[in-house]
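In structure tokens, one chain follows: the form predicted alone.
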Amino acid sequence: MPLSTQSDQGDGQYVLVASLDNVRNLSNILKAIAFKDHALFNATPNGLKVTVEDSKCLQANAFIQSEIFQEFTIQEDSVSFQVNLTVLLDCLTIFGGSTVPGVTTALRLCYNGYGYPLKLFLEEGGVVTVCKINTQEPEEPIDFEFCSTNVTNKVILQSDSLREAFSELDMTSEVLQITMSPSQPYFRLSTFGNSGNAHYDYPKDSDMMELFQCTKTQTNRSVTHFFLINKGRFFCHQSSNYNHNHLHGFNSTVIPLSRYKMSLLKPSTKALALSCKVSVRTDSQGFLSLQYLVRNDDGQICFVEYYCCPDEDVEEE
């Protein structure tokens, strides 16, 4: 590749070198998390993890495995830096992101370590452009402590079905309510917007649902509603001191409902548009994980994951 001779110093002086024959395999995945200006890059021998956060309530991570790159060389166990993501994307698409068959932009990314700029060597049709982007002190990302042992509910859907749901739900709603239940409605998305209440249900045996795992949950206080179904009547209960023991002797079904601010979830639709599958998980505290499986132009798999805090300003309906 021509770019292999374009760096202005030996690769041994760089702590990180990554090359791609098609820059879109990086730029597209970064666009899926580009809802804030700055992004934290963390490189390990396994690849790149890029993190973007908003208001300590939303975190997006893009994972680009080392196998995606034609070359991926790292001199340390871990290399971290922060850059302006908007500027980086402008540089990566400096040739316009050609979609002409057989015409791609090659990328060589080089980083010399703390305090040095990130260097990009981009080549298309024999023309080489060099960009230098100032790096910043990396900030410690939020640890949502979202681990598999705390996951209470999980579904895996084909992305087409979730895109259809978002097209039919009322996006003027301030919140998206997610219901997961061992019994009907199983998996439901609800909005409460200007056009009224809207619900989108997924049967657990739907062709669009590849996995359905749901258990009764101990959801976080004052965040989650519980609908109590008794003799055909619906009751809504919300209390910071709610105790499941109150149900003893009460012939009812408990369905956990978690609500999330729509403004926090909207950025994830960028990843949804690129993905072919999505995993929806909630943990015992009501935190939400949306993990998207994305295939790049070469058919390789990357992942984008969004973590979202539950809405703490829920009012009773």
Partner chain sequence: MDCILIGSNVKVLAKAVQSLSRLGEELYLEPQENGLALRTVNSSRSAYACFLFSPLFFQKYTPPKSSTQRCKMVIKSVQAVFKSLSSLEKTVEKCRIELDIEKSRLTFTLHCKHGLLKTHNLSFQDSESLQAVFDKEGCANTLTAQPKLLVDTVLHFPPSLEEVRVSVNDERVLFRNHVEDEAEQSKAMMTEFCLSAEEFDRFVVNMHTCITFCLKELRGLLVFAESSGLPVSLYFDEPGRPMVLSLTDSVLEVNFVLATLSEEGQPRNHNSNMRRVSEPPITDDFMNDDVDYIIAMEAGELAGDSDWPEPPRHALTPPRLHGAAGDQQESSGECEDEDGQQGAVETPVEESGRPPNKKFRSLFFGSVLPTPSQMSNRTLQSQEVLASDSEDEDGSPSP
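Residue numbers count along the first chain shown, from 1. Values in this document were obtained by computation on a predicted structure and should not be read as measured data.
Missing here is the form predicted together with its partner chain; even so, the following discussion is about that form.
From the list 132 to 140, 148 to 156, 111 to 119, 196 to 204, the contact stretch for its partner chain in the model of the complex under a 4.5 Å heavy atom rule is 196 to 204. At a distance of at most 4.5 angstroms from its partner chain in the model of the complex, none of the three residues 87, 92 and 123 contributes a non-hydrogen atom.
Shown without its partner, this chain lists 174, 76, 210, 168 as candidates; in the model of the complex, only 168 has a non-hydrogen atom within 4.5 angstroms of its partner chain.
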